[in-house]
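Below, in structure tokens: the form predicted alone, a single chain.
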């Protein structure tokens, strides 16, 4: 084991602050990565403050990790020292269930091991995330990162990117698909970029008129202000697919009315309140409402390769790690366009 500098929370009410954690020495199939950049996700804040009621302290958040390989185990075949590499939301799974065998490790029925605040099968302790100098992960959960893209902008692809890419791919969004993206934030801005690159007609659905210019800059073909009755009427029964990225409580039925026959609305945001959806809103039009998590390792690699091919990165604000608590507060206010990324050289 080796002592490693990190930032984390000691309790639900304490600030994110410096601490020291232990990382295992690389085993035969392990890759050790010097972390260069780590994105900040809303999940980090929820976990640090125990808002999901499962945090074990101390916790070191961060699952949008990119860096450079600094050591490899003697059986590692996929990476070598000096390679650019990434680690997303997963660092292990059971490898044996049907989902794992299909490359759907995010739905591992034996229990996926998440990058932080999970039981670490290797060490017997807890996993610690990317707010740290380095990470050691089995090569099967390490991802190749292109040198063609701005590395800091790649980091959020490991969560925000794959969270939006996975449902778009699963429901075969492409040329001729009418896509509505609900909410222009960290997830929504990636949804717009990816759906446009896939060839879809993309409409931003937002309650904020100030978002229109940015939506168009990101590639959206249309903008609908959801409080404008005439604009909403123009897209009634219009969309094949709606990507719902909103985590605030909202009326799903309003947006189901915008779907065409056989249309689907996929939720990737997690509101606090349960949704109430009358069966009739689905039956009349054979509509579906579904959910989607992140992606498995094969799909995450596919997403990274797709983004490299289409020159897609997240729009970011790069910060010093000492400003992490301020970034959390700004994130709660929606004061970021569209993802904070920590420059880990400041640790």
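Please read all numbers here as calculations on a predicted model, not as lab measurements. Positions refer to the first chain, counted from 1.
The form predicted in complex with another copy of the chain is left out here; the points below concern that form.
- Shown here without its partner, the chain carries 149, 320 and 338, none of which come within 4.5 Å of another copy of the chain in the predicted bound form through any heavy atom.
- Contact between residue 124 and another copy of the chain in the predicted bound form is not found at the 4.5 Å heavy atom cutoff.
- Within this chain, residue 285 lines the site of another copy of the chain in the predicted bound form, having a heavy atom no more than 4.5 Å away.
- Interface residue remark: residue 298 is not counted as part of the site for another copy of the chain in the predicted bound form, having no heavy atom within 4.5 Å.
- The closest heavy atom approach of residue 117 to another copy of the chain in the predicted bound form falls outside 4.5 Å.
- When you look in the predicted bound form, the only residue of 213, 74, 249, 262 with a non-hydrogen atom within 4.5 Å of another copy of the chain is 262.
- 104 is the sole member of 258, 104, 85, 112 with a non-hydrogen atom lying within 4.5 angstroms of another copy of the chain in the predicted bound form.
- Of the candidate stretches 125 to 133, 170 to 178, 183 to 191, 219 to 227, only 170 to 178 contains residues with a heavy atom within 4.5 Å of another copy of the chain in the predicted bound form.
- The partner is not shown here, but in the predicted bound form the stretch 285 to 323 reaches within 4.5 angstroms of another copy of the chain through a heavy atom at 285, 286, 287, 288, 289, 290, 291, 292, 293.
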